[in-house]
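This document starts with one chain, in the form predicted on its own, laid out as structure tokens.
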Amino acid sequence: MEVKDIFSYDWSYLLPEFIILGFATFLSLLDLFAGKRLGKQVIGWLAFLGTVIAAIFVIINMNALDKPYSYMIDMIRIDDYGNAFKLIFLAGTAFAILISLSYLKSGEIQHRGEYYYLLLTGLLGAMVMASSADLITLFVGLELLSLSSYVLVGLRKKSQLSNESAFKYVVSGSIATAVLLFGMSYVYGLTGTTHIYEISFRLAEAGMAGYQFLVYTAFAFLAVGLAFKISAAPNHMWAPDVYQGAPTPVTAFLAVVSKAAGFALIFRVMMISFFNVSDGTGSGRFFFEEGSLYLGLMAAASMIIGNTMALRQTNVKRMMAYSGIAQAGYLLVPFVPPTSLFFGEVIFYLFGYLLVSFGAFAVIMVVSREQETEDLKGFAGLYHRSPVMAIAMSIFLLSLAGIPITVGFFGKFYLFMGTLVVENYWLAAIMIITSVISYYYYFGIIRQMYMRPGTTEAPMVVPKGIWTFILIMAIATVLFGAFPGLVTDYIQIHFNPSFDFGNMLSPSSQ
């Protein structure tokens, strides 16, 4: 591979990352020197502007790139897969900032400026993760996202619940990071390199040389460590406490952006690195045999645990946390094993989950603040107080449950059909059974809104900005559920969703 100096690269492809870094740095300095004279809303709107500008340059990269472009001896790789995830990250962070503008007016968080640029640094970490082609840069991005998330969860310093959840998040996250690094150490010991695409071929050689057990060990530790980022079994128990204790916009950020970053990481590390590893008999490949089965068991456990534990919850944010664990299980299904439609299935599901999650958490934020409780009883009589809010929340819940015609229905439908293609009938059966179980707790909220009397019949006061945001999310959920081709066609045109491992493993353009 040709070695270039720093001036030989076309740095324009990294403009989205540079823009987010620049805005985060600028906002931190602005808050430091002009924070008391400048309204905190200004910093929020500037952070939102930064995400919009970065998204524009990601779209420009999509149209300009014919094949992957790499930096620093292929440590960073700009390609269609990374760009697709970056759009998810940027949209999720922009939505989090929009609902935060209303949330922060309550005064629960004193350091509002820090809040916004911590969101940007977390976003930057996620974007680095999506484009990393080396374990070193990948770990740097992971820790940048993780450290930002730890602080964001604990920003309500006067809340004992927030402090407790932040402490649990840091401890469990540190353990998960240690497990992940332990798995990476095995990979490096077996291959002598940290480059993900070289690891793929060298692990294959290690497997053929009789080191299958060590390859399995590395895979298992990596899978357990990465399960933390997507809140999947067996590393999922942090989610309910953290979701409950974190500020609601941060909860939505973790549910979508952090989870999506985890799946980008799983692709880069697990699928590419272990794709070529033989089982030692010459009759198959490790990933499509033992590795695929392991991820299938993780998916099944996540779906079962998430949906059954959600049945017992009375706190709506804890319920959404267990729902998120189940969603992680659904999203693992296309990995077991991946088909040619893998890319489109994952991106479409994450797109729908983005709309639904932020819409639902925006409603939860308004209701819990007005009722001063996050319990399910806070939704009692919502339809009589704010019909639009109740209908919108119903749409979001129906989408999470996978009911037609919502974007969530087609998301699960595509995953289900992909499972049938590879003849994983047992996993398809678990998807159906657990989805039916989820109806009970999703419809439990709907029952509260329409069939239970509230403490008052007075109309609910909803900030105009939040009301507009929720309405747009609800309309988009129905629109893309009625016309899913609007998304799938866009993916097909701009991202080439035909998943070709041989192409993904080929050297990138320099």
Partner chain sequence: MGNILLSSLVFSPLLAILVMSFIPGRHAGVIKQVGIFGTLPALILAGWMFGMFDYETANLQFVEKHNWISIPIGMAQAGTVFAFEINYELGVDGISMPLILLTAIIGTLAAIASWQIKKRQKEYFILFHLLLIGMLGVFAADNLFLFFIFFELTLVPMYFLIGIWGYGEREQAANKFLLYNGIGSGIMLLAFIVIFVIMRTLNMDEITAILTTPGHPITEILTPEMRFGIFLALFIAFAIKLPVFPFHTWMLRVHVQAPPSIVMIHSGILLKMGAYGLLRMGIGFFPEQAYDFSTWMAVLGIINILYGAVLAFVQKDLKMVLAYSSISHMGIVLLGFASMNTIGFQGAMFQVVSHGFISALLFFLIGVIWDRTQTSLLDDLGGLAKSMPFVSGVLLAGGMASLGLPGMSGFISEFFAFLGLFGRLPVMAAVGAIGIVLTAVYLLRAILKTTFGPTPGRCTGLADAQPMEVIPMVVLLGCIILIGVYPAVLGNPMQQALKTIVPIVTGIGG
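Positions refer to the first chain, counted from 1. All of these numbers come straight from a predicted model, not from anything done at the bench.
Unshown form predicted in complex with the partner chain; subsequent notes refer to it.
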Contact between I347 and the partner chain in the predicted bound form at 4.5 Å, heavy atoms? no
Touches the partner chain in the predicted bound form: I403 (any heavy atom, 4.5 Å): yes
May I ask you to state whether F219 is within 4.5 Å of the partner chain in the predicted bound form, using heavy atom distances? no
State yes or no: in the predicted bound form, is some non-hydrogen atom of P68 no more than 4.5 angstroms from a non-hydrogen atom of the partner chain? no
Could you tell me which of 49-57, 457-465, 480-488, 25-33 sits within 4.5 Å of the partner chain in the predicted bound form, going by non-hydrogen atoms? 480-488
By the heavy atom within 4.5 Å rule, which residue out of K168, H195, R202, H384 makes contact with the partner chain in the predicted bound form? H384
Among the candidates A178, A209, M417, L293, the residue which, in the predicted bound form, approaches the partner chain to within 4.5 Å (heavy atoms): M417
For the partner chain, considered in the predicted bound form: do all three of F409, V421 and I432 come within 4.5 Å of it, counting heavy atoms only? yes
Members of 338-374 lying within 4.5 angstroms of the partner chain, judged by heavy atom, in the predicted bound form: S340, L341
